[in-house]
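Just so you know, structure 1 and structure 2 below are the same protein chain in two forms, each on its own as structure tokens.
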Structure 1
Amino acid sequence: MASFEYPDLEIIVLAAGKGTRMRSAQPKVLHPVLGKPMLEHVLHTAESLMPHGISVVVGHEAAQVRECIGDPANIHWVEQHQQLGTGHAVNCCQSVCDSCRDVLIICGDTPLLRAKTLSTLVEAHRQTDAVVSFLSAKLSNPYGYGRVKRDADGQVLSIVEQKDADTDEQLINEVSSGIFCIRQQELFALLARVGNDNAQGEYYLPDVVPLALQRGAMVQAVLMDDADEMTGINNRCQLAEVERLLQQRIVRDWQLQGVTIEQPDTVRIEASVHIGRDSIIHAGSQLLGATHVGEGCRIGPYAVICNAELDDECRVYAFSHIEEANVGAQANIGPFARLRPDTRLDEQVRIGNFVEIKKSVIGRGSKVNHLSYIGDTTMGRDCNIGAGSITCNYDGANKHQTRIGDRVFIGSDTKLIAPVIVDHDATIGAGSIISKNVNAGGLTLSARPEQRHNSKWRRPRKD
């Protein structure tokens, strides 16, 4: 991965818009894209340039945005009390940009943006000694974007917003990304001259382009290699499209790192997930949140794993659900198993079909194979829990603990009524109801009613 370092660069992230077209009470920049707010994606990209500082311009629901993102040491929050356009938003940052060489301005709703692309812009800006540089792209359908007007020699003349473009200008297919790199000493002098005589009555940041040219300054457009990176999100349709594009990128990145992903169009792998090499992700599976999958694992099909850690060579079978659990190496889970939060499985544990584990520790080599519930339990090594067995951990008011030692064998359909301890090497007969501690070794049974047969009984018939 490329390394960047720009200690003389200030980055401004524009995140003050209402996002009216999202039709949401939540600020637009907080809508998640593959598990992270879109603004968090952008800030992660900005941070990877290692700039002098990052200023985030907020306005609508500013407190909510700050609460979600937190207060990282390198982020300065700037509030735009009135949303008067992108030029006005940048101008609000004047007091925090007085000790840098250049100012890089990006949008908070562009989560596909890559650090390498931003670095390319900064390097081109500095190599040509430009005053204003911006990223542009050529689109087959440029609707909605500001058009880049050039003269006969190819020199940039201006950027014309969609609502202000005439018929000929709307035919231009080169558009501005809205991402600018501007020399700090010139930026705010140019902004002071920007007016709001336009369809929106706003102060547009792109209007610095003709103003800079009038002063004889160097202005350049740097063409992007991948136009998808500048895609902004204004409604739920665009949100879904950006998620699709980002998912394709994430899948490809993991494939190139040695992960097999079957039917990649059917899986969901969120941005904070890690997958070890030689793992296989089967169709329909979802890896969510900060999930970590070790090397040589096989997941799915149709497994859901959220904020969980799986060590090497685990096998998670179809339709299993794992949430906030830790799974040791070579464990086998499912199919149709559920591991709930605060579950920890040691190495080589087997959790079978229709088994639910909640807030429990299962020791190395132990097996809970069929139709069982284990909750609030500490279980030792090499135990075998029979089908239909459960820990009765809740008395209607409080949860209670069950402790099971090493090498315990529990017969099918056993009920362990917590709090209770089952000592090492104990065996419990099938169908038992255990409400007292069980000694080590030997066989423990609860009383069973005598088996009887009534030969005169007849099964009821429907009328």
Structure 2
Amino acid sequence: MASFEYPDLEIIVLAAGKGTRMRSAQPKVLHPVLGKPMLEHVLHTAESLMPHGISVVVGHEAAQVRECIGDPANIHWVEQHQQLGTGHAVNCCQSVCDSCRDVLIICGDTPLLRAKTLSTLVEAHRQTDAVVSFLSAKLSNPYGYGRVKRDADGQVLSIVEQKDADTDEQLINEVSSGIFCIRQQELFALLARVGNDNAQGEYYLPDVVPLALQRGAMVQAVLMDDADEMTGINNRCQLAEVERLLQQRIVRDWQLQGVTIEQPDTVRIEASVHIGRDSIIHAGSQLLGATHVGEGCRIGPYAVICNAELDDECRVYAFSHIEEANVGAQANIGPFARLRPDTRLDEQVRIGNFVEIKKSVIGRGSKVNHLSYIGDTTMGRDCNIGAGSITCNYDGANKHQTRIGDRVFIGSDTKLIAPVIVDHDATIGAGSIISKNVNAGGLTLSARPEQRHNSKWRRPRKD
């Protein structure tokens, strides 16, 4: 990735709005985009420019926004108590912007923005005498965005918001991205003259454009190569659209890193996931949160993996669900298996169909192949747990531990009533109910009900 450094640039991120059009109890900038709050995507991009500082303007649910983002170094929180418009929001940052050369203003609701594109704007701004530079794009459907008005010679005149645009202006298809680079020395003088006489009664940042021109300053629009990058999220339809675009980007990045992705339009790979090379992600699979997949793994089809770590060469077969678990190399899981939080599988473990494992450690090479529930258990290596065996870990009030040694063989349909210990090399006969500790070696089985036979019995006939 290209690296940037702008020690004389202050970045302002606007994130104070309520996001009314989302119709949500949650502040808009905290809505996740592929598993990460949209503001975090924007902050990550801002940070990669290595600016002097980043000021984030918060207002609506400010405390919640701050708490969610935490306290990354280099970020100043600026409170905008009343959301009086984007110009007013920038004005709230005056005191933190006094020592830099330029101010770059971006919105907290445009997570597709790339650092490279921002850098193009800053470079274009600095190569000219422009006081105000902004990114624009040509859209086939410009609805909702501020339109860029130009005179007959093509010189930018102003930006007209959707709600203020007359019928002719609404036909303009060049729009403002809302991203501005402005010389610090002029910015606040311009903002001081911005009024709120418009359809929304707000102080619009884009109104600095005609004000700068009136003072004889140069203003330029820098056309973006990829208009998708400026897609703003104002409602849930745009949220879905931005996720789709970001997903395509992430899939492509992993493909170029050596990951095979089958039917890429059907998978979900969230932004913080890592996948090792030569892994294959089959159709319909979802890799969520901070999931880490090693090299040479095969996942799916239709597996869901959330905040889990998989070592190299694992196989996760169809319809398996893994959450907050740690899976050793060459483990085989599924189909139809479920690994719940705090589970750790060592290398070469085999978990088969309709098996649920919760808060347990399974030692190297052990097998739980069919229809089992293992909870609150530590199991040694090379064990074999027969079909239908379960740990009875819950007495209705408390959870209890099961400890199983190495090379233990547990016959099918065994119930291990926790707390209980089964020592190394023990064998347990099928159908046993084990409520006392089992010594090492030998065969243990609980009394089986007597088997009876009735030779006179006949099957009932159908009427």
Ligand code: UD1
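Everything numeric in this text was worked out from a predicted model, so none of it was measured. Rigid core here is just the name for the largest C-alpha set that superposes within 1.5 Å across the two forms. Start at 1 and count along the sequence of structure 1; that gives the residue numbers used here.
S.K.: Please let me know, 1 or 2, which structure is the form predicted alone?
M.R.: The chain shown first - structure 1 - is the form that fits the description.
S.K.: Comparing between structure 1 and structure 2 on the rigid core: C-alpha of I280 shifted by 2 Å or more?
M.R.: No, the C-alpha moves less than 2 Å.
S.K.: Superposing on the rigid core, do we see a C-alpha displacement of 2 Å or more at A152 between structure 1 and structure 2?
M.R.: True for A152: a C-alpha shift of 2 Å or more.
S.K.: Superposing on the rigid core, does the Cα of R114 end up 2 Å or more away between structure 1 and structure 2?
M.R.: Not so; R114 is displaced by less than 2 Å.
S.K.: What is the Cα shift of Q214 between structure 1 and structure 2 once the core is superposed, in angstrom?
M.R.: C-alpha shift for Q214: 2.6 Å.
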